[in-house]
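Presented as structure tokens, the chain that follows is alone, the form predicted alone.
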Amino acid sequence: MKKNSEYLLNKKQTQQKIVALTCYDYPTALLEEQAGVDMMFVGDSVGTNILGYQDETEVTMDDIAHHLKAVRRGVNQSYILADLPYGSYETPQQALDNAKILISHGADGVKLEGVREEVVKYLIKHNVEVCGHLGLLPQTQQKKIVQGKKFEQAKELIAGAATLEQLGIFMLVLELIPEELGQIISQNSKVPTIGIGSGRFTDGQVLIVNDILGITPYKLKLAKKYQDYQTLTLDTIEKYRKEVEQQVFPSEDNVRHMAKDELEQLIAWVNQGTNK
């Protein structure tokens, strides 16, 4: 069964947690799908985690589209959410044009940051499923610090969530806000909330897949490292290098041979050519 926005809403209504992860390529999409992940985020985090960019502002529509197409090839059931990257939704029409591109490449819905009322309204009017994003906004806030710790800012985020819901978003991502604020917004929202670094009481969680696998070389408070990819992979590559240098690899198990008669015929031909 293909998971859609109604499926995700039903999980909130029945108090089942929504499981989301970022995904940037085909083999990872296959694994996330097999594991039963509800949503895959083709996020602008691809820039710093895969492409070697300094920050999210460098990510382009072409970058998102490229990785989105790869993810779509590996998905049959999970909901695919694609980020509208920095500078791609400055006007309602620009947002719609770019959202249509992402949908044509396999996105089920698009995500954008902040309370962009006219843009959100225009997208929804044209039947685009929109996910909001409040709290830390990586495209415009370079300092990765907790948002909404003070009363006035928390109040503003609650108001922003209410506005986006009234406009018709189907989901809201809450990034790096205090757990208490995440709980208040989630309890007062009719649409599912997905938290990243926003506590235990949002309707679901999303993390960057590189972080949970241990690909990310540093420790993050908001994430949990379930595997030490860095150490395991480095050990494997070093072992491969040593075996090639020591002529351990390839071994008899890794090679193919010609039939004896064919080889004899080939050697005779080579020798004949050498004697000329």
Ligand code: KIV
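Each residue number is its position in the shown sequence, starting from 1. A quick note: this is a predicted structure, and the numbers were derived from the prediction, not measured.
The form predicted in complex with the named molecule exists for this protein as well; it is not shown, and the discussion that follows is about that form.
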On the criterion of a non-hydrogen atom at 4.5 angstroms or closer, are 38, 71 and 108 all touching the named molecule in the predicted bound form? no
Heavy atom contact within 4.5 Å of the named molecule in the predicted bound form, the stretch among 28-36, 247-255, 44-52, 232-240: 44-52
Could you confirm whether residue 203 comes within 4.5 Å of the named molecule in the predicted bound form, counting heavy atoms only? no
In the predicted bound form, does residue 65 have a heavy atom within 4.5 Å of the named molecule? no
Is residue 196 one of the residues lying within 4.5 Å of the named molecule in the predicted bound form, judged by heavy atom distances? yes
Classify residue 116 as contacting or not contacting the named molecule in the predicted bound form by the rule of any non-hydrogen atom within 4.5 angstroms, answering yes or no. no
Counting non-hydrogen atoms within 4.5 angstroms of the named molecule in the predicted bound form, say which of 173, 130, 84, 177 makes the cut. 173
